[in-house]
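One chain comes next, on its own, written as structure tokens: the form predicted alone.
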Amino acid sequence: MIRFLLILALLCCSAMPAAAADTAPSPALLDSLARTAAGVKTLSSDFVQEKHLSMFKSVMSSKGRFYFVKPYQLRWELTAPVASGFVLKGEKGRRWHERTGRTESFVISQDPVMKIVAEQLFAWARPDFAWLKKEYRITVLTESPVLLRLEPKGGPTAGFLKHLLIGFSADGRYVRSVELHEKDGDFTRIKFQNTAVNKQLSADLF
């Protein structure tokens, strides 16, 4: 569950200006990112998720939809091959799964796993760069389009996560792709399509 949800934390940020390859982001770069991110109020996107597992020859693929409204509303749902997902709204959340037919509500502060997830998600959404730099070693791999590498310094992700690769759109307004590389060599790739920025989203989504 944590592996699946931590990916979402990366979707709530936006533009990243160019920087020198293989360098740590400068304070000026992060300040520029914060100013640009402040103008992004909503995000919505289709996505394709690919799981590359060493125990299987074929790639496990799924499709879904992502929605985000600042400051504390987020919906992540898989639509195929099996419908499932969750919603976060402030301190409350809801999750569901087609196979069980159940919908479960929870309070983030009373659910240890979701508390970790929410901290990650909202740190990117605000964004809270002091927290992110404390949790990850961040380097810039390419300038145009921007590609970042994040390595966990510790905490719950360090036990299984080797690094994350975050690719931005050509104009830098949103994340185009995410790769989560695990220490055992398995990795998950998510590619975002038809992304809309600052489109009005229905309150019923959350």
Partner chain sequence: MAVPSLPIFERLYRRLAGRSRKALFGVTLLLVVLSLFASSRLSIQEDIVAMLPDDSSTVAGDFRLLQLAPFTKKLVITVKARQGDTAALVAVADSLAERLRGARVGNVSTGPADLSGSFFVWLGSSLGSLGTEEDLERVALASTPQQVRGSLKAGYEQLLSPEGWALKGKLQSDPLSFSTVALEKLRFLNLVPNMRLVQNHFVSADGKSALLTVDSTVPMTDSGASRDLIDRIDRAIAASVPAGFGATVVSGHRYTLANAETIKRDLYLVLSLSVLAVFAIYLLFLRSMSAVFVFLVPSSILVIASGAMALWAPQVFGVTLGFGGVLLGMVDEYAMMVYFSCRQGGKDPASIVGEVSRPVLFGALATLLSFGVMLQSSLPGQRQLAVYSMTGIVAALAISLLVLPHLIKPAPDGGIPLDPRTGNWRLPRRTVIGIWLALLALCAWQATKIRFNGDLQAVSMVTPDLRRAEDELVRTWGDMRGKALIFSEGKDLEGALALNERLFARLSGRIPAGDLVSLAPLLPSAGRQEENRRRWLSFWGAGRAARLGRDLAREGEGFGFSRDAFAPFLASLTAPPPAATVEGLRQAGMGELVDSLVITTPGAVRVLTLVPDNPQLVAALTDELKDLSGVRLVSQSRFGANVGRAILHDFTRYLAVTSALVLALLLLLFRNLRRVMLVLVPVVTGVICTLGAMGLFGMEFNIFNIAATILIIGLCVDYGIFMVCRITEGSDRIANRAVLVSGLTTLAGLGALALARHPSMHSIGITVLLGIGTGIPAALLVIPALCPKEPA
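Predicted model only: the values in this text are computed from it and were never measured. Positions refer to the first chain, counted from 1. Note that the rigid core is defined as the largest set of C-alphas that superpose within 1.5 Å between two forms.
Although not depicted, the form predicted together with its partner chain is the subject of the following passage.
Candidate site formed by M55, F160 and E182: every one of these residues places a non-hydrogen atom within 4.5 angstroms of its partner chain in the model of the complex. Only one of Q49, T139, S177, T142 lies close to its partner chain in the model of the complex, with a heavy atom inside 4.5 Å, and it is Q49. Only one of the listed residues (A170, A38, A28, M60) places a non-hydrogen atom within 4.5 angstroms of its partner chain in the model of the complex, and that residue is M60. Within 4.5 Å of any heavy atom of its partner chain in the model of the complex lies no heavy atom of S105.
Taking the partner from the other structure, its partner chain in the model of the complex has a heavy atom within 4.5 Å of a heavy atom of F86. Shown alone here, W76 lies within 4.5 Å of its partner chain in the model of the complex, counting heavy atoms only.
Heavy atoms of P81 reach within 4.5 Å of its partner chain in the model of the complex, making it an interface residue. Taking a 4.5 Å heavy atom cutoff to its partner chain in the model of the complex, the contacting residues in 86 to 122 are F86, E91, R95, H97, R99, S109, Q110, V113, M114, K115, V117, Q120, L121. After superposition on the rigid core, the Cα of P81 moves by less than 2 Å between the shown form and the other one. Fitting the two forms on the rigid core leaves the C-alpha of Q110 displaced by at least 2 angstroms between the shown form and the other one.
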